[in-house]
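Okay, here we've got a single chain as structure tokens, the form predicted on its own, with questions on binding and movement later.
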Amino acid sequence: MIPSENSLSATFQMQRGSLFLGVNFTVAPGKPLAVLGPNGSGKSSLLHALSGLVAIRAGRIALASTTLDAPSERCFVPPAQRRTSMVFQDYRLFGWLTVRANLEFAVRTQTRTTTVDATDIAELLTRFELDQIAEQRASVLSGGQSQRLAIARALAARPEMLLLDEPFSALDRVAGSSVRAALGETISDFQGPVVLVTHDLADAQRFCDQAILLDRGRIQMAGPVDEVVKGIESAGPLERDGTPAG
């Protein structure tokens, strides 16, 4: 069990291309955060900073008492050394490996050993309805199966923080319903901070307790998810210049 004080604290600025991102927020275990906003607002860049894929320019990112990135302290923990798992929009599976091997790879990468607990893998396969296709290559899976595997692989690494980047954007309604059910159970059981990037207000309310609205790299609204969603709905759609929210 991860202690309740294992919160994510993020106060930082970063530059990515023409986008300047400046944010200040915390995420407590059991209080998932939804990140909302139009295209180009900095949502994915925020996740990349939290995961260590992009270094911040100033400020500090910390998980509990561990500093992950703080330029003024000359501290930067590489992605592979952070106990963080990220589920990408495009899955990022190893297509040449089987479903089971994808999960085992995540375990070995995190533990730095060749030993894998077969019981843990079996539980994940069953939980995400992957047990019947465990020996199939990831390259032949459907969209729903691929996304369930991506979430299961994220959990196989036993992370202390879970980051989700538009996990339903590539799924049709039928597959999306199945994955939403699996993800809902995952988020409910997860003992660390969860950050969900989504353009879907219903998903934000379904999975999260808190929310922030990003626009042009700045937080425009923050608070309980229902209040933020109500504020967004009263202000109009998230689209700008005809660009779909995302």
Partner chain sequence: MAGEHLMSAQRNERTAAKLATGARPVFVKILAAIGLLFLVAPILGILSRVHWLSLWSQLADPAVRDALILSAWTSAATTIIAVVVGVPLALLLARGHGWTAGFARAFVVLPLVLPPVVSGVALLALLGRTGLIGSRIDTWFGFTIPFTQVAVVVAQLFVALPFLVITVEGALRTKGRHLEQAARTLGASESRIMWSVTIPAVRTAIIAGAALCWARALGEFGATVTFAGSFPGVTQTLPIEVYYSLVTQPDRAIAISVLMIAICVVVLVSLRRSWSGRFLRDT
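Positions refer to the first chain, counted from 1. Keep in mind that this is a model prediction, so the values were computed, not measured.
Beyond the structure shown, there is the form predicted together with the partner chain, which is absent from this document and is the topic of what follows.
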Exercise: residue 202 in contact with the partner chain in the predicted bound form, heavy atom 4.5 Å: no
4.5 Å heavy atom contact, residue 90 to the partner chain in the predicted bound form: yes
Touches the partner chain in the predicted bound form: residue 206 (any heavy atom, 4.5 Å): no
is_contact(residue 109, the partner chain) in the predicted bound form, heavy atom dist at most 4.5 Å: yes
Heavy atom distance at most 4.5 Å to the partner chain in the predicted bound form, all of 31, 70 and 76: no
Sequence-ordered residues of 60-87 touching the partner chain in the predicted bound form, heavy atom within 4.5 Å: 79, 80, 84, 85, 86
